[in-house]
Structures are given as structure tokens and as C-alpha cells.
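Single chain ahead, by itself, as C-alpha cells, in the form predicted alone.
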């Protein structure tokens, strides 16, 4: 890394120790006022690779003061100049792609190809942020003779984001580019399990020319999040995490009048009908439920097998069993997550489910982390916990039904509404399913239907709390407030009391 204080040298999976992640306030690395810290584990090896400071209200206040002082000068810059920083950030991320990807792999546990794909997706988000200078004119119209109306998208001020462990580089870049190009200053609270991706972004943003104080990091846990949601000077907060926490954060932040968008968990359904393409469907389903070890909100969770689809189930099972832990699938993030996932599998088996692919007992030579290989539970009843609750691991639950209508009823009954997909070669069936799914992001023959920029990311129901979506144009409007200006420069001879 060009001017990095904390270069990460690893270029393979071998364990290496790293540094303490401190707070980034006013362009400087700062220890926490609390003096507290926690260990950061490398999930692949189950060993401590570093530590992260745990912040309190005092730390958050210091970050807020730095952000507040820097924001007016940043907002005064033309949007083109603000976007120029993002162009430079994109270039720097591309130059340091391997370092960013290997660091992500070590702190999160993803395989290197998965980590690299995440960083590349983050770069796409930066590109979207840079392009907003060409989209943010707001529009204007002569609404009457001599009268013009226009909209100006203005920054809100100091804003914040709270991000999860599973995408420590990409998810922050769902928020940061739009918030910064809009003229805000930003305070980020990364996951305490994966703080290093944010640390690198701070260094790169400074190198790209972002003024000190415009971007800040406050590390920690619950106390840091509560300090952000309770602070009346922070005007907007975006959150990504589990549904129970998303709901709490949304309610707590809303009480102070903040703009809030909080993305929660998911129980995504893939509906497979008999006419689905065998090769496309089987490979796609496998990638959906095993990618990132299933530790993502867009992962396939339930396969609703409609009618005679045994040939597709067999292909999914065969392909899943061939995935090797360590190279084809990464570890589980923590011991607690491992025990929870194993509990779902064990309970389902005890209740009569068929474990047609069993990832329990998976091990990787030379890696002491927690591992679960791809696991498929067949013949599960619709209301079983493994068919209704979020597992967040590489586990696919198969529920067999006779008709598409039964499948849609099961999907509609879920309290979540993040994603759903239909596998078919029939356009009519695809449209019928898409129009009936209770999900904000839908796929046709795509098991991870993540909208690409400029389209926005966000689910429905218990998968999202707040208004609007994250990323894309929706992300920009979330971090701004519209000023409506109506102008008149000449007296009209036929004016009325309205104009």
C-alpha cells in the first residue's frame, strides 16, 4: 500500500499476526478513551491475529466533533470535486487489490476468490458514487409563465453507518460513496469481528485526498452503536445486521428524529419447478447456499421443490458433496455461530429430516478454525425451525410440495422478505412467481438476486426497517434532503392569487 502505516504482507492462507485496530478520528489513529479492547480472530485458524479498541460515548463525541468541523468545508466543494476523491479511491483500491483481498480473507475467513470478488464489488459501489455527479442535478421545470421550480439535493450533515462482519469491505461501500459525494461527513462503526477492512478504507480515502475529519471510525460493540443512535447531532444512520438488532437500532435511532434505514436478516426461498434447466439450476443453487459459507443475507436457505424435481435435487446434492472445505468453502466466523448452525442440523435430523449431504465433522489440515461443509436437509416440514429461522450457514433445507401455489404460500408466510427466486424455463411461470413473492429482491434462475448498480439493495417486511433502499440512487437520496426552490423574476399581467 502506497503510504500505509499498516501494510498487510500475507499473500496466502498461512496465519500471520496483525495490529490493533484503533479509532480513526480527524485523520489520525486514536486509542479508545475507555482503554478497553477485544481480540480479533482469524476464523480459518481460530487464532488471535490482532485486537480492536472498544469505544464509549466519549470516543463517539470526539469523532462527531471532528466530523462536524470538517463537514461545512467539504460540502462547499462542488460535487465534481467531491467525486474526484472517489475516482482516486477506485484507482487506489485497484492498485492494492491483492492486499485488500488477502486481508479480508484473513479477518473474515472467506476463500481468496470470494474475498477478491467482494473487493471488486466494493469498487463497483465506488464507481456508482463517483457517477452521481452526473445524476444529482435534481431537475427543474417552468411550472407556470414566469415561475420555475427546481430541486437541490443537499447534505444532511454528520451521518453514520454500522456494518456487519460478513462483508467488511463491500457493505461500508454501500454507504460511504453516496454519503460523501452528497457532501456529508461520515462516522463508521465496523463489526468488532472484522475491523480491518474499514481501517484500510480510512487510509486509502486520506491518500485519495479526502480532508481529515470527513471520514471517521469508531470501533466497538453495543455501547458504540447506542452512542451513535442516541446522538442528536447525527442526522442519519444506515445499519446492516440481524433482524432483532436492526429493529432495535431503527426504533432507538428514530426516537431522535434521525433518518434510518436498517437491513436485517433473511430466510430466502428458491422455488424449483420440473421444467427448470438441470445444469443451470443445480450449479446456481449450490453457489447460492454455499457461497461465503452461507454467511450472507442473500444466501439460499429453503429450496421449495415443486413436483417431480428429484433429478435436480440429486444434481445439487452431488455437486455440493464435491466442495472441499478450505478451498471451496471457508470457515464459520465464531464458535457461537458454529454451535448454532450445528444445533439446527442436529435438531432437523432428530425430527426426521434426511441429511442427504452432511457437512458436520469437516476439517482442514493446518487450519484450526470451525468448519461445516455444505449440508442439505431433505423432506423437511414447512413449519420446522430449519425451514423458518435464519441459520446463516452452508445449510440448504428442502421442502417438497405438489404445486407452485403451495410453494408460494410457504414463501409468503415467512416474516422475512429479503430475496426469493424461481427456477424455470417458462416465462409465464416466472412472471407468476415474481408477482407473488413477498420479497424485495427477486430472481429468475438466479439464486443470489443482488441488484447491481444503479439499482438499489433492500428487502421487505422483517428484512428491512425504514424507508428507501441502500445503494444506487436510493442510497444517495437517503443521505440528502431535497430543497425545493420556486422562483419568479417578472410580474405577469394575467397573474392570479396563486401566481
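Numbering follows the first chain given and starts at 1. Since the model is a prediction, treat every value here as computed from it, not as a measurement.
Below, we turn to the form predicted together with nicotinamide-adenine-dinucleotide (NAD), even though it does not appear here.
K.L.:
Though only this chain appears here, would residue 165 touch nicotinamide-adenine-dinucleotide (NAD) in the predicted bound form if you measure heavy atom gaps against 4.5 Å?
P.N.:
Residue 165: yes, in contact with nicotinamide-adenine-dinucleotide (NAD) in the predicted bound form.
K.L.:
Spell out, yes or no, whether the shortest heavy atom distance between residue 191 and nicotinamide-adenine-dinucleotide (NAD) in the predicted bound form is within 4.5 Å.
P.N.:
Taking the distances in the predicted bound form, the answer for residue 191 is yes, it comes within 4.5 Å of nicotinamide-adenine-dinucleotide (NAD).
K.L.:
Even though nicotinamide-adenine-dinucleotide (NAD) is not shown here, does residue 418 get within 4.5 Å of it in the predicted bound form, heavy atoms only?
P.N.:
Yes, residue 418 sits close enough to nicotinamide-adenine-dinucleotide (NAD) in the predicted bound form that at least one of its heavy atoms falls within 4.5 Å.
K.L.:
Would you classify residue 390 as touching nicotinamide-adenine-dinucleotide (NAD) in the predicted bound form, given a 4.5 Å non-hydrogen atom cut-off?
P.N.:
Yes.
K.L.:
Check for me whether nicotinamide-adenine-dinucleotide (NAD), as it appears in the predicted bound form, comes within 4.5 angstroms of all of 220, 240 and 266 - heavy atoms only.
P.N.:
Spot residues vs nicotinamide-adenine-dinucleotide (NAD): full contact, yes.
K.L.:
Could you tell me which one of 376, 86, 261, 297 places a heavy atom within 4.5 Å of nicotinamide-adenine-dinucleotide (NAD) in the predicted bound form?
P.N.:
It is 297 that has a heavy atom within 4.5 Å of the partner.
K.L.:
So nicotinamide-adenine-dinucleotide (NAD) isn't shown here. In the predicted bound form, which residue out of 287, 364, 245, 401 has a non-hydrogen atom within 4.5 Å of it?
P.N.:
If I apply the 4.5 Å criterion carefully, the residue I get is 245.
K.L.:
To test your reading of this chain, name the stretch in 147 to 155, 87 to 95, 191 to 199, 342 to 350 whose heavy atoms come within 4.5 Å of nicotinamide-adenine-dinucleotide (NAD) in the predicted bound form.
P.N.:
Looking at the partner contacts, the answer comes out as 191 to 199.
K.L.:
From first to last in sequence, which residues of 441 to 464 have any non-hydrogen atom within 4.5 angstroms of nicotinamide-adenine-dinucleotide (NAD) in the predicted bound form?
P.N.:
Heavy-atom contacts to nicotinamide-adenine-dinucleotide (NAD) in the predicted bound form: 457, 463.
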